[in-house]
Ligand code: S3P
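In structure tokens, the next block holds one chain alone, the form predicted alone.
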Amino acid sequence: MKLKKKIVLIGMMGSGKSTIGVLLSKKMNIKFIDVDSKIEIIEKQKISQIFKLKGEKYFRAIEVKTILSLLDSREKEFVLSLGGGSFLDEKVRKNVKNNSISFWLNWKPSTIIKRIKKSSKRPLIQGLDDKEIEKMMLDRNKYYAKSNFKIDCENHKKNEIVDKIILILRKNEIKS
């Protein structure tokens, strides 16, 4: 399948964007890029360290700059996994809409909470209780809903989620 479009995965932290992205890119034989990993390489620090030492505002500025440069690149095809908060930025959303096909990996709050609750890699949820994480998730869902496609992932295996995305891409390829 030759799509000639960038594929962007969005969703809450812990939704499996990186895992699904790797599997999808292998199945489609195209490159995979994880924005958080790219930022860690650029900054030579883990995301949690960037938050701790330079703050969220600094991180968000680097994140937006990194995403926009990737989406504006000459490379036509790759799978891009965005950080959980990046799609809340209007410039990122517009650029994703104009330069790619986006998929929201959607899960029930209880599933996400179970996955991320004890993670020290996720600075935004440190010290939050389940209700606060659920509120963050519901607030973000309003933005995630602006993606091209919503993939309900609950009770599906990783490869089933990848196959759902590929099926949508094939239907989209036929239309274009």
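When you see a residue number, it is the position in the sequence shown, counting from 1. What you are looking at is a predicted structure, and each value in this text was computed from that prediction instead of being measured.
Absent from the display: the form predicted in complex with shikimate-3-phosphate (S3P). The rest refers to it.
Taking non-hydrogen atoms only, residue 36 approaches shikimate-3-phosphate (S3P) to within 4.5 angstroms in the predicted complex.
For residue 124, a non-hydrogen atom is located within 4.5 Å of shikimate-3-phosphate (S3P) in the predicted complex, even though that partner is not displayed. Residue 47 belongs to the set of residues with a heavy atom inside 4.5 Å of shikimate-3-phosphate (S3P) in the predicted complex. shikimate-3-phosphate (S3P) is not drawn, but in the predicted complex it has no heavy atom within 4.5 Å of residue 23. Only one segment in the set 147-155, 106-114, 126-134, 57-65 has residues whose heavy atoms sit within 4.5 Å of shikimate-3-phosphate (S3P) in the predicted complex; it is 57-65.
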